[in-house]
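Read the single chain below, which is given as structure tokens and is the form predicted alone.
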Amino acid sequence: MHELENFKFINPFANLPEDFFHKQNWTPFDNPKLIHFNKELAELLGFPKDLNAEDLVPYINGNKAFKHSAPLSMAYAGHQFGSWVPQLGDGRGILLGQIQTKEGLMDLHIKGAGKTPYSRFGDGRAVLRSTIREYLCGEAMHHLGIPSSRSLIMIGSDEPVFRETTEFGAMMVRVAKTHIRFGHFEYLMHNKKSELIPILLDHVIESYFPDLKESEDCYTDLFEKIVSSTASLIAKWQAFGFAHGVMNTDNMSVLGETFDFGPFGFLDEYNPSFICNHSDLGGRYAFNNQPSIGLWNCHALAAALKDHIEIERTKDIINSYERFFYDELTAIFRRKLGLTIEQSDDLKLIEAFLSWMQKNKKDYTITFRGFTRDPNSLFEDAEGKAWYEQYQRRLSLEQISPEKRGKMMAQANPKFVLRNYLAQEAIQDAEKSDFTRLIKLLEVLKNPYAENPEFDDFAKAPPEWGKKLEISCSS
């Protein structure tokens, strides 16, 4: 126990001026219950290998304190659905502390922690339903190879939380490289605190890009890294059929990690105009809008940094967003189709395949996985057969063996993704205190590219009821 109490936090964010945050503790549940503990992630973070997760619960719930942590709620703002909101901040979260790992600095953030000065009219709590969805999705994204926040531990309670109905409260520890968002810089710019922007820029460079410290134009260099990592991340979302749902600037990480996903969804049937967020009535964050929204958000960040970055170069960087995006997207799709040599018409070939999938209402993940096994069997119509002949001609330019191609494709086309109906089934059981399905689903998502025939039920297209699920922002 003593070892846990003295767990080594270093907390560089907490050493910044207090304009950036409010130091505070959080509100414990009366009767916390351990739901899941991510042992693999705990070891990466440096927790003892023989740690009993039950011993960690009182520290996460707030009954006991880590001696070296520095809990605080962050101040930030942002554009929500395109409209400016001058102050948002951690309304239900606490940055517990930061630790140094072999993979760099990591934040441990408690979500569902109760009221903070930024809660506005909210209760600061998270419900079990949304906590499970975020816990599952972080693991799913990570094991697919998409940069993402993850979760260390989840605890439940019998505390009622009122949303559309009465639900039960839950907390989790979110682990991310940073919780600094585009909205942090917007908050400083638009709230007459712009003199603090260089302090935050220096902190980001010192903590995450120390190689930029010697640069003559380090702030513009940093902006370029943010733009390129954002474009690359959204290309990965598109290639794997992931829709974030709430791409507000306050939900955009400066390190290009998937972050603060609420009503997310993976595509079932390929539908580019898929809207995963029931609250997104105008379809601003529809699947096919994600790339352009990423660019919009980069423009918003540039506006916040305008007095600190070189304007002409910034214009070039913004204009490079599309190239960053398509380079990454095309590279992933080449792997998905088993192509290793770059050809100028590859993007057209990919777009034609996606168009065929859309017209024929094909399941996105199942179709690409089927392409790995036996592509010829997918095409029964004239348009599909014509595309396949074109693909065969394209393959004639390749030099790798069919065996190597097959292995590459199997590692690029997952069999298992977190479909909404699978998450919903796990949630429904968990709300009856049965976590068997949740634990099994987490196990399946750890190996999305494996064949694992014993888990075939998790790779099926959704049942009819599963196609009609509506996910809202309420959490």
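Residue positions are given as counts along the sequence shown, with the first one as 1. Just so it is clear, the structure is predicted and the values come from calculations on it, not from any experiment.
There is another form of the same protein, the form predicted together with adenosine monophosphate; it is not shown, and what comes next is about it.
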| item | value |
| --- | --- |
| Contact label in the model of the complex: Asp268 to adenosine monophosphate, heavy atom within 4.5 Å | no |
| Contact test in the model of the complex: Pro198 vs adenosine monophosphate, heavy atoms, 4.5 Å | no |
| Touches adenosine monophosphate in the model of the complex: Gln238 (any heavy atom, 4.5 Å) | no |
| Adenosine monophosphate contact in the model of the complex: Gly338, any heavy atom under 4.5 Å | no |
| Contact stretch among 209-217, 320-328, 120-128, 280-288 - heavy atom within 4.5 Å of adenosine monophosphate in the model of the complex | 120-128 |
| Selected contact from Asp107, Glu224, Glu139, Asp250, since only one has a non-hydrogen atom within 4.5 angstroms of adenosine monophosphate in the model of the complex | Asp250 |
| Heavy atom within 4.5 Å of adenosine monophosphate in the model of the complex - residue from Arg163, His79, His190, Arg405 | Arg163 |
| Stretch 68-92 - residues with a heavy atom within 4.5 Å of adenosine monophosphate in the model of the complex | Tyr76, Gln80, Leu88, Gly89, Asp90, Gly91, Arg92 |
